[in-house]
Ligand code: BES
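Okay, so here's just one chain, in C-alpha cells, the form predicted alone.
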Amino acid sequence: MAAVRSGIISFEPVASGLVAFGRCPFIDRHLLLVTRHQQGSHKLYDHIIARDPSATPTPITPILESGFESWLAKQSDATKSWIAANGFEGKRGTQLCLPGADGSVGTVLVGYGDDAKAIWDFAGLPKSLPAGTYALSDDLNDQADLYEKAALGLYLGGYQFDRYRKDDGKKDKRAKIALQDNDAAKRAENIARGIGLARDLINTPANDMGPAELEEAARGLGAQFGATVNAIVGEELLKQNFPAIHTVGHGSDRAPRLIDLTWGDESAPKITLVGKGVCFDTGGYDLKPSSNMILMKKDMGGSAQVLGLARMIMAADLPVRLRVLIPAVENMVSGRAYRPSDILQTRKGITVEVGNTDAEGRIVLSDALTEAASEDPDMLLDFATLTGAARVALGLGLPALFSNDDDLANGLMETGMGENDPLWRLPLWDDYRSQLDSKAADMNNISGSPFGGAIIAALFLDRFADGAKSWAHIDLMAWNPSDRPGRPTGGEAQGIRAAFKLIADRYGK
C-alpha cells in the first residue's frame, strides 16, 4: 500500500507473486513497465524454454574455430561432403544445419572462438534457425563457462522490441531453444534479463517514458525483489534541498523527481548506483538541431543501466546494501525553463552558472551524487549518456570511464575486457579544472573550449562526488546504431555486465 508523506510517495516491499530468480529460471516474467498503450504484457525472451528430459530437441553443436579441422577429420564421409558442399569452415559465428536421416535438421553446427566474444558467436542462432526445438549439445554440460556464454548469446539473440507493432504471427513460428536448469544457465538468464530491462526502458518512446513512468518502472522492479522505493516529486525537491534537479526539470509539464530505491541488509557493504534520467532532452534554450534530437529518448540511458544492474544484483541476492538514485527530468523549452547565464543552486551549496542548457545531465547528477557521496558508500558508480565528446574520443561501443580510485578503475577495465563488455579509462586531468571557473558563480557547467569535453564533464561531477572514497563515472552511448547478432538497433546496456561481475567477485557470497 502506498503511503504519502509531505509529497514523498513511498511504496513498501510487497509480495509480488512473480517467480524469483533461480526458482523457475525459464518462465518469462512481466517487465512491470506500465505505459499508456500497454500494461505489463510484454514478455522478454519467449524463445527460451525449459529443457524437457523426455523430449529430444535438435542439438546445437559448438565447434571451436581453431579446432575445426581436427573435428572434421572424425566425421563420416557423408558429413564431410555436406560440409564441403555448403562451404562451412567453422568460422566463429557461422552456422550450418546437418540433415537428419528423415531429411529434417539433425544437428546445428556453430563455430565459436575461445574468448569472451563467444557470446556473440551464438547470438545469430535464434533468428536464423528454422522453426523447431533446439538445445545445446549435452557435451557442454561440463563446460560451465562456455555454457553460460552460449546461453547468454541465445537469450540476447532473440531480443526484439515489438511492443508497438501488430502481432504478425511470426512469434509462434520462431525456433525454441531449451536450456538446462543448471547454474550456468541461471547466471545467463539473470544477466539477460537485466540487459533486456535496460534495453526496453531505453527503447520506449518519451511519450510513454517520462519521469513518472520511469518511477513506475523502478517501483515495479522494487516490488519484484522486495526493495523500498521513494520518490521526491516536484516542489518537494526544493523543500528537501535538491534544487538542481528541480531547476532543470521545472521547464516541463511532467514533474521532475528523484527516485530512490534501497534493498538489502543495512549492515552489508554499501553499493550506490546513480543514473542520469533525462527522459527527453531538447537541449533547452540551447536547442538541439532535429538531427541531434531524434535519439533523445535514450538520454535516460544511464537510469536504464542502473535499473538493469540493480536487477542483476537483487536477483543474484548479493550480500550488499544497494541504493539506486535516479534524477528523472525532461529538459524542455517553456516559460519556466532555465536559461543560459542563469545561476543555479545545488544540494552541495556550490553555485553553478549555466553556460549551456544542453549540458543539463551533469547538473541533475550533481544533486544525486552529493546525496550518494554523503553516505560514504563502499562503491559509487554513476552511468550517464553525458557527452558527445566521449563518443568522438572512443566511438559508440566503448564507454568512457573516469574514477578517483585506481583499484576500482583497473577492476572495471580488466573485468570489462574479460567479459567483452569493455570500458576505457580517461583521466580526471587536474590541469583542466580551471576551465570550469566562472566569474559570476562558484563554477560553470561547461568550458569555454571545444576540446576535452568528456573530461570537463567528469571534472564537474567529481566536484560533487567529493567525499566518496571509491567512485567511477561511466559516460556511454546506450544505443546500437545498426544490427549485429544479439545487438539489434536500439537501446543497449553497456558496462553493466562488467560492473555486476566486479561487484559479485568483491562482495558475493
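Just count from 1 along the sequence shown to find any residue number. Note that the structure is a prediction, hence the values are computed from the model and not measured.
In what follows, reference is made to the form predicted together with the named molecule, a form of this protein that is not presented.
Novice: At 4.5 Å between heavy atoms, only one of the stretches 132-140, 357-365, 173-181, 106-114 reaches the named molecule in the predicted complex; which one is it?
Specialist: Selected range: 357-365.
Novice: Counting non-hydrogen atoms within 4.5 angstroms of the named molecule in the predicted complex, say which of I446, L459, I60, I63 makes the cut.
Specialist: The residue from I446, L459, I60, I63 that makes the contact is I446.
Novice: By the heavy atom within 4.5 Å rule, which residue out of A185, V352, L214, L386 makes contact with the named molecule in the predicted complex?
Specialist: It is L386.
Novice: Can you tell me whether M477 touches the named molecule? I mean in the predicted complex, with a 4.5 angstroms heavy atom cut-off.
Specialist: Looking in the predicted complex, residue contacts with the named molecule include M477, since a heavy atom lies within 4.5 Å.
Novice: Though only this chain appears here, would K298 touch the named molecule in the predicted complex if you measure heavy atom gaps against 4.5 Å?
Specialist: Contact with the named molecule, yes.
Novice: So in the predicted complex, does any heavy atom of K288 sit within 4.5 Å of the named molecule?
Specialist: So K288 counts as contacting the named molecule.
Novice: Is D281 close to the named molecule in the predicted complex, meaning a heavy atom pair under 4.5 Å apart or at it?
Specialist: Yes, D281 is a contact residue.
Novice: Enumerate the residues of 318-335 that have a non-hydrogen atom within 4.5 Å of the named molecule in the predicted complex, in sequence order, or give none.
Specialist: Residues within 4.5 Å: none.
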